[in-house]
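Coming up is one lone chain in structure tokens, specifically the form predicted alone.
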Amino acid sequence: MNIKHSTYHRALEITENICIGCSHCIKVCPTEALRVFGGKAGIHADWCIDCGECYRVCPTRAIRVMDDDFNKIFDYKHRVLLVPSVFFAQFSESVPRESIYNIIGELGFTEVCAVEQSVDSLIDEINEYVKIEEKPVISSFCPAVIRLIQVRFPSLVDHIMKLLPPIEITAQYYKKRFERDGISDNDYGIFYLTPCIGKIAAVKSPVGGYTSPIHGVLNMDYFYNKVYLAYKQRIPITKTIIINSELSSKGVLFPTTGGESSHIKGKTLAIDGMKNVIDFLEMLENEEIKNVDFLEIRACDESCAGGILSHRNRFLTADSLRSIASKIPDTHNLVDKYKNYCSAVVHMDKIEPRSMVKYDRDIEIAIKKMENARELKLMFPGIDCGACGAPSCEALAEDVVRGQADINACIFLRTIFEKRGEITIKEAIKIMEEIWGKERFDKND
């Protein structure tokens, strides 16, 4: 059962020798992209949206993040780190911001900049965009939400705002600045510190006909541990770093729930958490949501404060961000420069659906298979137990008509067949061994 093919960059990978086939992951995937077979989890990679829900629940850490090697930064003379506000909120207030900056420099970066520096000018662009586009406009901030819509709610893709998120606009600012200063493309590297697995995939495989100027993405959890360890060990500071710390309170709060929508004119809503997001998008698809101008939709609880790669409790992180925002101005001194440098690169092309191709690319064959799957589903018990290695009875029915599973994988149908004498106990055991691994049934105790 090979389901690993992919035409998109993936930010997650399953390490098979660590995976125990516990099935935790298949139950939380919002696109049902995971299956268990041979005692190991596998991914329908083209269905994966890199939301990281499986990463959250994996008890053995068999699902790993495919971020860039940290040593890649040393390929460049000028090494810029774009840091999100949530990174600084990982630390208690007793850790001086200056110490964090100095350690980042000691680790190898020559300049550090706040990712949300571009927010002030972006908010103006969003308000202009919302005035003229079809409502509701869906924020393009969260890459996991964009991919979820592409894969599971393709009828809504035209509502996604065709404006770049802050991370890309800030990166474009640096690219333009280096060009202005006559610095060669080969001499500078722009790196992003991510609290989110989805942003890794978004940088590597951006949507909307866009090519990111970011050279690498680093795991925030890993980097936090490096910085905090260096702080606790009081490593000597021997290097200098350029600190571009211009940031407004709007920028600090932008990655929190309501931090974007609160600045958009008109009727707005802010939705966070994957389950809430899916429920809301289903209502939107069914045209149950009326008279809304702008939707801020974030996959994680508390938005980026609850990012998969966030080290600290999400509520404490969000509280720290509010505290930081309360101490800084509502705007910053680089707003005009951002408008001059980046106004021409803020827009992106139309975002296309990313079809899951559940049955077949031939529409007539696909319709027949869909009908077969619907009939087959009626034979299954409908309790979504997962004993077949699929997340639901519907998913198993789809796998069967695609030729990726056997009807006998259902333990309830198999019991009926055994009772009728149509399948032997030995055959039933073999089926379970194929799904969950032979060693699970070889225990002596």
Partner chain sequence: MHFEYKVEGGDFTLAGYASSQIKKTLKQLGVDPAVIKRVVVALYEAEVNIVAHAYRGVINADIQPGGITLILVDEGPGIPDVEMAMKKGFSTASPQVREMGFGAGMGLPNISENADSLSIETEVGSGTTLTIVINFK
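C-alpha atoms forming the largest set that superposes within 1.5 Å between two forms make up the rigid core. On a predicted model such as this, the values are computed, not experimentally measured, just so you know. Residue numbers count along the first chain shown, from 1.
Here the subject shifts to the form predicted together with the partner chain, a form of this protein not shown in this document.
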Q. Just one of I367, L229, I235, I242 has a heavy atom within 4.5 Å of the partner chain in the predicted complex. Which one?
A. I367
Q. The partner chain isn't shown here, but in the predicted complex which of D181, D336, E282, D349 has a heavy atom within 4.5 Å of it?
A. E282
Q) Okay, which stretch from 104-112, 147-155, 188-196, 219-227 lines the partner chain in the predicted complex, with non-hydrogen atoms inside 4.5 Å? A) 147-155
Q.
in the predicted complex, is there a heavy atom of the partner chain that lies within 4.5 Å of any heavy atom of D67, even though the partner is absent here?
A. no
Q.
in the predicted complex, is there a heavy atom of the partner chain that lies within 4.5 Å of any heavy atom of Y359, even though the partner is absent here?
A. yes
(Q) Is E53 near the partner chain? Define near as a heavy atom within 4.5 Å, in the predicted complex. (A) no
Q. Is A344 a contact residue for the partner chain in the predicted complex, using a 4.5 Å heavy atom cut-off?
A. no
Q.
So, a 4.5 angstroms cut-off on heavy atom distances: do all three of N286, I363 and R374 pass it with respect to the partner chain in the predicted complex?
A. yes
Q: Once the core is aligned, please say if the CA of E98 is shifted by at least 2 angstroms between this form and the one not shown.
A: no
(Q) Aligned on the rigid core, do the two forms place the Cα of R374 2 Å or more apart, comparing between this form and the one not shown? (A) yes
